[in-house]
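Okay, here we've got a single chain as structure tokens, the form predicted alone, with questions on binding and movement later.
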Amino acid sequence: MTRRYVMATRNAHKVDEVSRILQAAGAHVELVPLPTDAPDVAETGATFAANAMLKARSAAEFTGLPAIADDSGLCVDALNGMPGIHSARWCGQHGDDAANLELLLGQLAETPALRRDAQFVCAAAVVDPVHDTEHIVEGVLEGRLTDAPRGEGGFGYDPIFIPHGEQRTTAELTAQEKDAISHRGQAFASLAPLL
């Protein structure tokens, strides 16, 4: 039996990616995007997990459906873990991938390759108002950053992130290759048995 969940995002790329990951993990769910009239949620949490839970609770309350949300980002060692929870709006404007990449690469311009370690982190939350349950899981992908974008796939910081053990950026991997190792892939594969 397929169960419907609302995904607490208006990002179509993220809905597609999470749907793929959950299906590959054996979850029988239908993800629907957050309705356009749903309220925006202020991401006031100090952690990825806190922000994911804020979004999932808000989506569940607004729609009455079980809700899935994630909060994810890039944590750069040379920047003391930043942009972290501010990844999507690092340039000061939410969701401007090109400006975020340009700013981050500018900030790392003098940083040698040996000091460009970084991690993609994802916290995934599910809130089920019918059964009054909440769960949260996390996934982490370790890697390093390039000095220029490469690849056409993915979104966000994918064009500058090379997972450890790889020579390609996550934007150069196929969707299936990326899903198998990504922070989001790990988190939602862990969440799948709970759905």
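From 1 onward, residues are counted along the sequence shown. As the structure is a computational prediction, the values presented were derived from the model and not from experiment.
Same protein, other form: the form predicted in complex with another copy of the chain, not shown, and the subject of what follows.
Trainee: Should V130 be classed as touching another copy of the chain in the predicted complex when contacts are defined as heavy atoms within 4.5 Å?
Mentor: Output for V130 is no: heavy atoms all beyond 4.5 Å of another copy of the chain.
Trainee: Does the 4.5 Å heavy atom contact test between T44 and another copy of the chain in the predicted complex come out positive?
Mentor: Close contact exists here: in the predicted complex, T44 approaches another copy of the chain to within 4.5 Å, heavy atoms only.
Trainee: Using a 4.5 angstroms cut-off on non-hydrogen atoms, would A109 count as touching another copy of the chain in the predicted complex?
Mentor: Yes, A109 is a contact residue.
Trainee: I'd like to know whether C91 contacts another copy of the chain in the predicted complex, with contact meaning heavy atoms within 4.5 angstroms.
Mentor: Yes - in the predicted complex, heavy atoms of C91 and another copy of the chain come within 4.5 Å of each other.
Trainee: Taking only heavy atoms into account, state which residues of 78-96 are within 4.5 Å of another copy of the chain in the predicted complex, ordered by sequence.
Mentor: Read in sequence order, the residues that approach another copy of the chain (within 4.5 Å, in the predicted complex) are A78, L79, N80, G81, M82, H86, R89, W90, C91, G92.
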